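Shown here is one chain on its own, the form predicted on its own, set out as structure tokens.
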Amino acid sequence: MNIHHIRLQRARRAWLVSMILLLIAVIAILISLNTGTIRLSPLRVLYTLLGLGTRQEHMIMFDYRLPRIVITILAGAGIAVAGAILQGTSRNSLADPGVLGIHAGAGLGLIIFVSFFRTMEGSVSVLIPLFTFTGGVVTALIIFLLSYDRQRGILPIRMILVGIAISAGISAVTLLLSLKLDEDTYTFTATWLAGSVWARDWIHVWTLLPWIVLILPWVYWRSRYLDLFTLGDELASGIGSQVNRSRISLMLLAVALSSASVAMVGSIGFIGLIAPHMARQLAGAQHRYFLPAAALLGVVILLAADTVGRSIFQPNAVPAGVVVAAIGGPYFLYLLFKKY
């Protein structure tokens, strides 16, 4: 069996896995469109999407459910790919934007934004990703600097511990700032940060869309650098890779993806941990094969969590972040004990 045949088999496997996950994502979208206080049958959903529904069905579909679902799709893909980037650049299988504290930094940026503008709705919401990105970048820089060793580079265990400590400190500052908000703004912000996708509008879709659509193809184009990092810094440098420059640029892309996603769906953790691991098992170890699968898995997980939170716990919906944490927490412990 020659190398070309092996590569062809891997590509076919990755393509098949991605197609199956895409089909599952479409099914999850249809189920989510049919889920809510007012249920719409799949046939009525199709009629409404074609413009043949009633005025009430049109309002439910296009003003409430579709923006929420599109936001969920974009954010799920963004967080999952961000986790894959961080795991690749740090050579740490436990790396995740939430675990490392980047989500906490983005959340602090969100609180600072609300402290200035007192709202997260309307046209001013296009500025939210800029604030969350700044908070995420500053947090990431602190974590990576404290985790870096001159002789050994970034230390995986130290990065996890530093991330947890930094996250705790930032969360305390975020809580202190949030207590200074008025009651209504505080309630809305706390619900947002908990990972609720409720009350999202098309303005939030157009705000997040450029970040995801522009960055994801760029990451895929640079996926070969993520493969080189698995060889170690010395070997990667020896075959001509600019290790430090590539690592910094890819980490900035990961921070941008996770921060922009947090800006729109709140601090939803563990998707960046679970999705890359599952995708790697299904589609293979090379990033060009499993990155699309990881993005689709992120979409499926977040869609499923939002749908479960809205349907099972009616009339009081549970934020999607809570549902994901209920699954991701035990999975994180499993990976921790398995690896260490």
Partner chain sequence: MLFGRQLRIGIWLLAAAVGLLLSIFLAVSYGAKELTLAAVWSAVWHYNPDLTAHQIVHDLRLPRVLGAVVTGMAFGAAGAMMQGVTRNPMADTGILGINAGSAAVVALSFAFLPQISYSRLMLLSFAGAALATLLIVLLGSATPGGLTSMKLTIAGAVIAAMLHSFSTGVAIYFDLSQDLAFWYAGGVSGVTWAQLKLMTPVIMLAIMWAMLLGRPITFLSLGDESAVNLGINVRYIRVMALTVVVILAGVSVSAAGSISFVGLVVPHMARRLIGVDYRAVIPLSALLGAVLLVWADFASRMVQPPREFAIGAMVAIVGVPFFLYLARREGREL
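It should be emphasised that the depicted structure is a prediction, and the values quoted were computed from it without experimental measurement. Numbering follows the first chain given and starts at 1.
We do not show the form predicted in complex with the partner chain, though everything after this point is about it.
If you check the partner chain in the predicted complex, you find a heavy atom from every one of T191, A194 and F270 within 4.5 Å. Only one segment in the set 216-224, 157-165, 255-263, 203-211 has any non-hydrogen atom within 4.5 angstroms of the partner chain in the predicted complex, and it is 157-165. For the residues I248, V138, L127, L181, the 4.5 Å heavy atom test against the partner chain in the predicted complex is passed only by L181.
Interface membership of V322, defined by any non-hydrogen atom within 4.5 Å of the partner chain in the predicted complex, is confirmed. Although the partner is absent here, I3 is not a contact residue: none of its heavy atoms lies within 4.5 angstroms of the partner chain in the predicted complex. Although the partner is absent here, L333 is a contact residue: one of its heavy atoms lies within 4.5 angstroms of the partner chain in the predicted complex.
Proximity of S171 to the partner chain in the predicted complex: non-hydrogen atoms within 4.5 Å are present.
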